[in-house]
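Presented below, as structure tokens, is a lone chain in the form predicted on its own.
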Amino acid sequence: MKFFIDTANLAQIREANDLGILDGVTTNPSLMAKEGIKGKDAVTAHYRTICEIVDGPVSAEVFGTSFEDIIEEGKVLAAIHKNIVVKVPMIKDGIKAIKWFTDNGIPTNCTLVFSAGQAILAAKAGATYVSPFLGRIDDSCWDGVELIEQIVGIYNAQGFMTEVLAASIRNPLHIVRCAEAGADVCTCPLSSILGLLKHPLTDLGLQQFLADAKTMQ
């Protein structure tokens, strides 16, 4: 399973990349706004910097909702760097745009997916990635990981090449469960990635090893 970090914060991206396990980055307008990135030139420069840090896919989301706007924005984003993946919302015009991008060799990430039916449409249109938002599904009292399992099963049965990118990750357990479910990619905050490092028995064991090592000096 590949690890993407879900942020537009350059310091967090660098920290995750320095771990040696980072495969890519996902962003969205909310994450860009959180970093105070405003204006087309600033957004373009920010994406280019991210692409220079991480040698892997960088999802850059369109703002438009009409077919024409999505295509125009997507072409501009794709021209920023070869690693850019155009992130397109799961709407009717979004599916049409994904097909257009696919036919023109531009990779896409279909976002805001909440059902297997939506995931099937995205795959049929040729999306490179499909992003089910499991955390938000959990918030509505359903099990988001079950959707990941369902989509993975459908894609395997049908031979779809679209990768399942588990999104809206809230904690380290989500990451583990997505790995069990067969997700191709997991995108999450830095805190969730670092949370995988933690276990009380590791801390206790290290303390004992260090204490014993002092007796050998």
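Numbers follow the displayed sequence, beginning with 1. On a predicted model such as this, the values are computed, not experimentally measured, just so you know.
Another form exists, predicted together with erythose-4-phosphate (E4P); not displayed. Remarks below refer to it.
Checked against erythose-4-phosphate (E4P) in the predicted complex, the candidates Lys99, Lys92, Lys75, Arg136 yield a single residue with a heavy atom inside 4.5 Å, and that residue is Arg136. Though erythose-4-phosphate (E4P) is absent from this view, in the predicted complex it lies within 4.5 Å of a heavy atom of just one residue from Thr44, Ser192, Gln150, Asn28, which is Asn28. Contact here is defined as any heavy atom lying within 4.5 Å of erythose-4-phosphate (E4P) in the predicted complex, and by that definition not a single one of Lys2, Cys178 and Asp184 is a contact residue. The closest heavy atom approach of Val164 to erythose-4-phosphate (E4P) in the predicted complex falls outside 4.5 Å.
Shown alone, this chain has one stretch from 63 to 71, 28 to 36, 46 to 54, 151 to 159 that lies within 4.5 Å of erythose-4-phosphate (E4P) in the predicted complex by heavy atoms: 28 to 36.
Contacts between stretch 157 to 175 and erythose-4-phosphate (E4P), counted in the predicted complex as any heavy atom lying within 4.5 Å, involve Ala167, Ser168, Arg170, listed in sequence order.
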